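Form predicted alone, single chain, as structure tokens, below.
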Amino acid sequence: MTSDRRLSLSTLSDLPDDIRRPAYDPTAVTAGIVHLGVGAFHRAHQAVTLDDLLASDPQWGIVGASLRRADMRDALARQDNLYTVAVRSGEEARLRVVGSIKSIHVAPEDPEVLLAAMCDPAIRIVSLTVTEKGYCHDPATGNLNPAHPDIVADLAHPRAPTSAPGLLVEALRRRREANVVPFTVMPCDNLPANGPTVHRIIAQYAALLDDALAGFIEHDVAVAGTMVDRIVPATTEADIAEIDAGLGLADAWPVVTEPFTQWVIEDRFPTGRPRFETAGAEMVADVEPYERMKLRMLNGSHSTLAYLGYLAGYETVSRAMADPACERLVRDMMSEEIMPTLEMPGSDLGKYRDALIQRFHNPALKHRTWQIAMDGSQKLPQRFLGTVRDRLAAGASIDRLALGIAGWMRYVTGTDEAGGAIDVRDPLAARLKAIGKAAGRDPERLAAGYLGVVEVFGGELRHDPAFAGPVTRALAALFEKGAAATVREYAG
């Protein structure tokens, strides 16, 4: 397909009639939000919600930022920042073109350009999807990690930062000096209590520079916590070919997602906000119960399927869920070990569980277990350990949770059940592989080695036999019997 047949403002009118397109003039939209971390999830979630709002309120366009690479910026710049969202369920796929992103900056190339955008008085919200590791914190404690290489670099050059905490604090400092009201920070990542956690992280970073600035951030900057939910697998070449055929145009980087979407937002926007609720978001006073429900039920189950499913030879979540034992395992884990730890008056947790099971079964998503398995050292504290601690405090069993954690341990050794290499993507990958190599196939040594990683497990769990015991037994079963047989055993 030639370049003049690319998706762009000039070719929008060429789209087939059944493809939804912006119900507004994208050139008339002005920016009100800067978003750090323009990836597939943001483009399938927050940007879609804002796309629904711009026809009635065009002041909330998005200035996007990549904190690492230029590939997204380069791909979308050639098509006026338009892109396609393919919503897939079963054999059906509905296409829509989204136009809410006005531009994308690449922080490492020129942080000054991005900081200038963040300091624009028209920008009233800075939102983030930078993944758990992008906050440069210690997941076990929720505090800033001052020894993180990105934080060390930013502290050496605080006026030209490239980390998310550094960018937020420098932009807030400049706005304060210019007497411009601070923007609201809106984290949209899977962190426990993401609003208070991110508020604490940026205040701690600021305190390393200037106590007065830290006080300003603590008392005068609003942080709106959120809970976000939509499954967004990585886009494949086959996805692109199929979407291009449906458009009759080339789209360099579309996104694929499921019909389900959820966004719960704390209503803390002193300088104004879009009417998120008119596009399906739920505005609440406290997002923490929703966030805990999602982290434990959806994300914890997803990670369990990722590690055990990968080890059992299942490439995608839906393939794993086609195994009745895998389905029983995650259903019973939610019902018997996770749901009893949740207090959600007025919410039907059983209905939520059943919806998750149905979503995991969706074969159209092709969500790779390897993709979900990434960055496990950052994810385990949020997805598993809060539930584990609540269960242990109640004197209750954690067998299925322990199997999910043992699956992670087996996975990060870097060697699969056939002796092949696993491409482990994790900030601690080299250290985790070294622990695995030193322990060999001895489950007691291996479990003790991994439980000693304080960045993941903190200091107390490794010494609790009610935790270390079930994890070690599950790890021994994975080595002795393999993932598929162990899942069948634990699923009953």
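In this text, residue numbers run from 1 along the sequence as written. Small disclaimer: the values here were computed from a predicted structure and weren't measured.
Keep in mind that the form predicted in complex with a small molecule is not shown, yet the notes after this line are about it.
Annotated contact segment (heavy atom within 4.5 Å of the small molecule in the model of the complex): 223-231, selected among 223-231, 162-170, 416-424, 320-328. When you look in the model of the complex, the only residue of 137, 400, 383, 105 with a non-hydrogen atom within 4.5 Å of the small molecule is 383. Contact with the small molecule in the model of the complex, defined as a heavy atom within 4.5 Å, holds for exactly one of 256, 265, 338, 372, namely 372. Put simply, residue 197 is far from the small molecule in the model of the complex: not one heavy atom of it is within 4.5 Å. Taking the partner from elsewhere, residue 298 is found to have a heavy atom lying within 4.5 Å of the small molecule in the model of the complex. Shown alone here, residue 294 lies within 4.5 Å of the small molecule in the model of the complex, counting heavy atoms only. Although the partner is absent here, residue 190 lies within 4.5 Å of the small molecule in the model of the complex, judged by heavy atoms.
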